[in-house]
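Only one chain is included here, represented as structure tokens and corresponding to the form predicted on its own.
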């Protein structure tokens, strides 16, 4: 039995369906990330698991207990929102202690738990500070600590990092993953950021229009999307429609070929290809080059098609400039056949 089981869950608002008969399983100690475009139903599903939205049908089990109709406060669930909702008149320590005080724990036990959580989150220097004196990243760590200190059966996070700048988001993702390994909590994390989903999730559930279009390990979803809907949403793909496959590769198919930019081997004429895996070759001209931090992205014009090719941005990498004539080899194993 999974630690979290959602079965045949349905929810509508004012006659408009948000999702119908969806299932989800989360194992103990996993982070399951719900990812999808705005309005696809992921936050409503999270609220239903939390007990903040009553489903129209179906069941929700947490740790073997049916909580479908259990009040939110009795589910043993912790929540962290995009808006931190910290008590502005309380210090970091007081914010962390509040929930423990509501549980009627003794003062020595509360002090011990608060001190341990402050140390775990690296907030020792800010323990006496109020939220207004904290940075956005520090406030988010306090919000996370306030949820974790209650030792919830399940931690639910609704886009908690979306208001932060890129570098702070990256550090907090790493911090959250470290805490998961250290504490071993189970979590459902909602985001619309595909990079965040793939980095954080032990399991990633891609939601579109109120249904899961693929659920699986991040590497499987990235490398083997279940269909065009997933391929178009997760990462970058070069998509070759059946007519283009026939024109460019002289192959007959009713499927769209999807190929990751980093899977394509690029070389100058006469230099050969490093790839040993046989596959089709395209001839083209470099039309632009973009620096994407650790990646150099090349746009190569092959007839009427613009093909994206990524290589690592390292000092020893072969450089291609606009106007270079190049050949592209696409390994057979890198081609995913996609159908609607």
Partner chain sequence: MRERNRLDWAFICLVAAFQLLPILAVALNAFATDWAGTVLPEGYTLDHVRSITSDPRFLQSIYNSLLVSVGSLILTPLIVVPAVLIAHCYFPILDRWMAILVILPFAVPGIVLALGLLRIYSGNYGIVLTGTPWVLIFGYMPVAAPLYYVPIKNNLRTLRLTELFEAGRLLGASDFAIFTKIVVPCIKQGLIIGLVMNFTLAVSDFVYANLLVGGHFPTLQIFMGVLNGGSGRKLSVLITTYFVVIFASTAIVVWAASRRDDK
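These figures come from a predicted structure and were not determined experimentally. Residue numbers count along the first chain shown, from 1.
Quick note: we don't show the form predicted in complex with its partner chain, though the next part is all about it.
Peer 1: Honest question, do 47, 85 and 88 all end up within 4.5 Å of its partner chain in the predicted complex by heavy atom distance?
Peer 2: All of them do, each having a heavy atom within 4.5 Å of the partner.
Peer 1: Any of the heavy atoms of residue 146 lying within 4.5 Å of its partner chain in the predicted complex?
Peer 2: The answer is yes: residue 146 has a heavy atom within 4.5 Å of its partner chain.
Peer 1: Verify the contact flag for residue 52: yes if a non-hydrogen atom of it lies within 4.5 Å of a non-hydrogen atom of its partner chain in the predicted complex, no if not.
Peer 2: Residue-level check for residue 52: yes, a contact with its partner chain.
Peer 1: Even though its partner chain is not shown here, does residue 106 get within 4.5 Å of it in the predicted complex, heavy atoms only?
Peer 2: No, residue 106 stays farther than 4.5 Å from its partner chain in the predicted complex.
Peer 1: Using a 4.5 angstroms cut-off on non-hydrogen atoms, would residue 250 count as touching its partner chain in the predicted complex?
Peer 2: No.
Peer 1: So which stretch, 97-105, 234-242, 193-201, 171-179, is the one near its partner chain in the predicted complex (non-hydrogen atoms, 4.5 Å)?
Peer 2: Residues of 97-105 come within 4.5 Å of the partner.
Peer 1: Just to be sure I understand the contacts: of 183, 133, 120, 150, which is the one whose heavy atoms reach within 4.5 angstroms of its partner chain in the predicted complex?
Peer 2: Looking at the other structure, the residue within range turns out to be 150.
Peer 1: Which residue, 226, 258, 79, 114, has a heavy atom that falls within 4.5 Å of its partner chain in the predicted complex?
Peer 2: In short, 79.
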